[in-house]
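Take a look at the structure tokens below, where one protein chain is shown in two forms, each on its own, as structure 1 and structure 2.
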Structure 1
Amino acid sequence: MPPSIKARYPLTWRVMDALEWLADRLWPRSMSRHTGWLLIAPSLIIVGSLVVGMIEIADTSLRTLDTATFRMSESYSLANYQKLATSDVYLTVAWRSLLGAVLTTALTLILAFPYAYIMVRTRSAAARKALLICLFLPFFIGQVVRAYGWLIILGNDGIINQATGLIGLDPHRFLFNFPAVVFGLVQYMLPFAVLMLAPALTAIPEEVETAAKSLGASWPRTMRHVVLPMARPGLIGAGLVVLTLSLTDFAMPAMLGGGSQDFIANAIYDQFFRTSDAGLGAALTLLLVMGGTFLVGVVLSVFGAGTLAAGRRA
């Protein structure tokens, strides 16, 4: 190679050539037909680890705790599942978790859709940046920190009660009840839903809305008959994410519920770390996994896998 050309050869190209040479030595071209398996190997390892973990949990769920020795039994039985099916406490916890997840999903989608729509359709760059900043700021604050913030704001001596006290109103109990848990979950899940709705709304051309209006459709009718049906993949995807995350949430029920509004995740924690009953905790874990899987299956069976762009297009 002439010196003038060699001098112009960028350093980054040389690094890429070195990496290509190293890759060719580690993974010869004769193995190229197996490259696909190499690329998905990390995913297979992660999924395999989850499967092994679920098998271990299923095995533990069939063993009962000996309260005399605090050891798990060697024999298998369905005692843990019978206890869950006959206990009013765990049935109440399961129902509360399901109801809280459904309410959180519905309220989150109702609030997230107009936010995402305005963020996508606004023509002001400053307004779009402001909406994006407000959207991403919560990701820099952990869920526990946000829950503590609501404890300060909504507490008996919090900012809201102090403000209402100035006009003569008695303090109101905003915390340690079911609405407080749902409120905290909605506030936590809102950014996730907006992020999943924004691409779906971006993919809808503005010309479609303009055409609907030119044909005499009002803005509400355009939203109902044009935008919402076309945004259905984003709505279903966001709903599934919010539903599963809410169903398995631990921090909000524990902190904003004050121990009286536990979800299934809180009950699992209590069995594993407070009562040391790993068998019952494992049974609750399988109940949570099967419940979440069933809900996702129902949604996909009703709306179809193609709703999430996973099926064939007509």
Structure 2
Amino acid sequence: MPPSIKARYPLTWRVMDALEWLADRLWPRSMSRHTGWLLIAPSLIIVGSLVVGMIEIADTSLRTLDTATFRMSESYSLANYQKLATSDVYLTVAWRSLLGAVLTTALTLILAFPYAYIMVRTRSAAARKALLICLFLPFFIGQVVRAYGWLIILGNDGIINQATGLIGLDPHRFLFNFPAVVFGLVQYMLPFAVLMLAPALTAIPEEVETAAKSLGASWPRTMRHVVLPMARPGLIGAGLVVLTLSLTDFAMPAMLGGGSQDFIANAIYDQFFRTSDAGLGAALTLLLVMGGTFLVGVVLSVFGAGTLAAGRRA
């Protein structure tokens, strides 16, 4: 008996036919206008979990903790927000976070600008590659391991103190103070800032600088009057991202601050996991989210989504 015609088709053809048949049943061609929405739906749903989370936080922030039963109240009130507004503790923490974030931003930009400039302008491909690797390696290693490295270097029994001990100096306490946290944040933020600045510097034609110099401007004047103004969108964008990320950071204050230098995120963590006052923690979280989202919203609306924008041909 001869084999049926159908069996002689390769298997992949038949699988493909079945898939096409299935696609036509599940998503008829008349719907193809909406295919874009079909493709994007999973991501919309996944990100929706953050919206659900925000609603949960908002709901909890309006309930107060009953200290007798350790249960959250059934009724809503603004008591948590009142408590936050009148408490000196949170004002101190908020002030410390803001000061830390502003200092971090300034120092990071001072370090990031020459780095990005040299990386973009250098003629040596090898130097450029090496600078890029120095940026990506710490970025991919993660905060915890990097903070651990700094503990080894700067700790009371750390490498520096042991080395200075050899020449008879008394140990110096580098860690667990405010400058240590700011330092930790700066080294953590540097890759972000450089990677946001570099495209802005690439966009500045080198001829503009040459022109300024041929007209007699020294390099500091060329920087101040030509390059910095032209790089301003990149500088402000990088600055705001560094500001928000360091304002809301948890790991550096926790690991290099040693518990005495809490930022807002650490205070939130303590409310949930030490004091167990979820209502107060949620109110604090919501205020931070609103502040942080506002800052990033400013970045996105002023500069567009930049490199984060979907790669759409304009």
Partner chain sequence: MISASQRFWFWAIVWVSVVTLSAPTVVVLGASFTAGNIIAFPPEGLSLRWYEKIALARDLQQAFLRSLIVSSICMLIAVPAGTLAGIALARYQLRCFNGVQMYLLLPFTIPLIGSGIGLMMMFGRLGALGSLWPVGFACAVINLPFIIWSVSASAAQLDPDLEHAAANCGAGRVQTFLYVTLPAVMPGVITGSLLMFILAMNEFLVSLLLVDARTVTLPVQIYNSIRSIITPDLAAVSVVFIVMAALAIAFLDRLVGLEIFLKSK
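What we label the rigid core is the largest C-alpha set whose atoms superpose within 1.5 Å from one form to the other. Just so you know, these numbers come straight off a predicted model, no measurement behind them. For numbering, take structure 1's sequence and count from 1.
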Open item on the list: Pick the form predicted on its own out of these two and give me its number.
Closed with: 1
TODO: Please say whether, between the two structures, the C-alpha of residue 28 moves by 2 Å or more once the core is aligned.
DONE: yes
Open item on the list: So, superposing on the core, is the move of residue 77 at the CA at least 2 angstroms between the two structures?
Closed with: yes
Task: Threshold 2 Å Cα movement between the two structures for residue 48, core superposed - done: yes
- [ ] Fit the two forms on their core, then tell me the C-alpha shift of residue 290 between the two structures in angstrom.
- [x] 3.3
TODO: Give the C-alpha shift of residue 15 between the two structures, in Å, after superposing the two forms on their rigid core.
DONE: 12.2
Open item on the list: I need the CA movement of residue 39 between the two structures once the rigid core is aligned, reported in Å.
Closed with: 6.4
